[in-house]
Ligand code: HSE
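Take a look at this single chain in structure tokens; it is the form predicted alone.
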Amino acid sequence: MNQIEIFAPGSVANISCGFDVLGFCLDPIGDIMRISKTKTPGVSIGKVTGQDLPTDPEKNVASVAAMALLKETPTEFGFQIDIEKKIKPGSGIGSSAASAAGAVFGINQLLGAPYTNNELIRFALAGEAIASGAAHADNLAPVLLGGFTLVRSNKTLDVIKLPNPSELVATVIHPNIELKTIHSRAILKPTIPLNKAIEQWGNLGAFVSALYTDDYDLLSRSMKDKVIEPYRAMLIPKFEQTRQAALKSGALGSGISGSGPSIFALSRGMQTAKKVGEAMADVYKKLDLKHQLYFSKINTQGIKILSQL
């Protein structure tokens, strides 16, 4: 195999109660990446469409992740990465994670798959680190493993794939403003009060339990963020109003997608998810703020192979 074309999906991280540890994979939102073997060793960035991304291999998230993999697996040939970038950087739906995960997944396939998808996470982290200023796997894990994931330890990359209640549908609204992860992390406090930490632990444990038991009511009660959203909400226009609109329209829960500015909601069934989306969009229409609205079942596969030669 000399070339592979893949779909690298977007993702939602944190899911309100699981800052830096929880995430789930989106289905229709993602990038198209084509990775080809070249005679010259190393990694190069070829054609990039859709967004303005650096073509310097030392600065592009995809090539940095690829070089981390090749450092441990030297080859006599190289790789060119072409990207049709459909996830806007700074959107809060895992743009950098899609690039980094897609690059290492594609190269791994061209090498004969010496690494499992779980093992690829540590290579992809190198790319994620230059994008967000911190190496965290909450977006990368669901892209590579599919579905819901929990990062028990970021240091040892102990990552668990969680069950997926079949009726869950995500609504994501993306206002056309950019909010870089590195900036939204900078406003967070280094410590939190013990009573807030206890509430958050309870919500996180309950959320995981709800996934295993298909308990939609428990899932709804646990999707509350006492630690991060109080600070980040001020960076997103009409965040609380949009979240309340989602909940009043039947969403199980709603919160900031990753570091924002996108806002997500989880609902039981597509019909409710679309009703929720209309209510969220109405808030931004009144602001005359351009936005994109997405509806997605949970993508349990993660990255998808489109073609290979």
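From a predicted model like this one, the values you see are computed outputs, not experimental measurements. In case it trips you up, residue 1 is the first one in the sequence shown, and so on.
One more form of this protein should be noted, the form predicted together with L-homoserine (HSE), which is absent from this view; the next part is about it.
Under a 4.5 angstroms non-hydrogen atom cutoff, L-homoserine (HSE) in the model of the complex lacks Lys85 among its neighbouring residues. When L-homoserine (HSE) is considered in the model of the complex, Arg232 lines it closely, a heavy atom lying within 4.5 Å. None of the heavy atoms of Asn299 is located within 4.5 Å of L-homoserine (HSE) in the model of the complex. Shown alone here, Asn14 lies within 4.5 Å of L-homoserine (HSE) in the model of the complex, counting heavy atoms only. Residue Ser259 is the only one of Ser254, Ser267, Ser259, Asn60 with a heavy atom lying within 4.5 Å of L-homoserine (HSE) in the model of the complex.
Checked against L-homoserine (HSE) in the model of the complex, the candidates His136, Lys226, Arg122, Lys161 yield a single residue with a heavy atom inside 4.5 Å, and that residue is His136. Remark: of stretches 194 to 202, 215 to 223, 136 to 144, 99 to 107, the one touching L-homoserine (HSE) in the model of the complex is 136 to 144 (heavy atom within 4.5 Å).
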